[in-house]
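Okay, here we've got a single chain as structure tokens, the form predicted alone, with questions on binding and movement later.
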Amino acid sequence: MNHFRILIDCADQKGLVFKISKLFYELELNILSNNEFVDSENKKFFMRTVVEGDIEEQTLQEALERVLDENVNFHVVSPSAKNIVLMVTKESHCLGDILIRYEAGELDANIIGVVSNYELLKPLVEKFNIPFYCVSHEGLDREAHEAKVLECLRQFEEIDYIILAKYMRILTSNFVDAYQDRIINIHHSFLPSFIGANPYKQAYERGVKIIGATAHFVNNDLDEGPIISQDVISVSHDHGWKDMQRSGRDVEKVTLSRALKLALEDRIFVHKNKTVIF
């Protein structure tokens, strides 16, 4: 039996679910799971269906093309390990968490490389037998350094996602446009929000009671891309700023790994600057 994920997003229209369900029945496909959502405000329809059956991907693709309107965007995906690249700077908590989950077989992915602007995390990465590439930014402006990073990434035949596991350099539009909706970032998200150097110390001095993290797709607006996953934890007056930092790192790594898993399972639809997640 072959398994397929059918991903559909289009303008909402009557009879669409009936057409698709009827086709699955005619093709003798068993529906293992099905999720639908109608964005009434934008009149958009989203659907993720997992099916199994004795059919080839090309046959299913052609059958859907016959019954669906040309304005219906759909993708037939054969579940398989996606190729991902991790980008890091000096902090190890998000990188380490992903590497451990990868080693444990929790992620349906191939980590084809880790790219950093420092050598610091090379020993950690090599423990997992994953290629490590250092592209130093020393003596280079942002554009020149990014050109070297892009050159490094071009050696890979296919990259499904780039994960910024605390990569602490702002990406230019040239880089973002090269991997549209394929770059996932993690950052702290406090209430209230603090920017600049040492946000945890700022949070401590303000006396915050909740800290958290946001994983999102990267776009050309800093930290304002479509949100994939968020989480928060409570802190109290007896937390020093280093305690907050440790707690913050815990929530960051869990939130990023959760977002990555959603992406690997094709559960994310991006529409404008929002996501629909099944």
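Residues carry their position along the shown sequence, with the first being 1. Predicted model only: the values in this text are computed from it and were never measured. Think of the rigid core as the biggest set of C-alphas that the two forms share within 1.5 Å after superposition.
Omitted from view is the form predicted together with another copy of the chain, to which the following refers.
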State yes only if every one of F37, K127 and E224 has a non-hydrogen atom within 4.5 Å of another copy of the chain in the model of the complex; otherwise state no. yes
Pick from 169-177, 145-153, 109-117, 198-206: which stretch has a heavy atom within 4.5 Å of another copy of the chain in the model of the complex? 198-206
In the model of the complex, L32 touching another copy of the chain (heavy atom, 4.5 Å): yes
At 4.5 Å between heavy atoms, is E70 in contact with another copy of the chain in the model of the complex? no
Using the partner position in the model of the complex, report whether H3 sits within 4.5 Å of another copy of the chain, counting heavy atoms only. no
Heavy atom of I228 within 4.5 Å of another copy of the chain in the model of the complex: yes
Residues within 4.5 Å of another copy of the chain in the model of the complex, restricted to 258-278 and counted by heavy atom: R258, K261, N273, K274, T275, V276, I277, F278
Is_shifted W241 between the shown form and the other one (CA, 2 Å cut-off, rigid core): yes
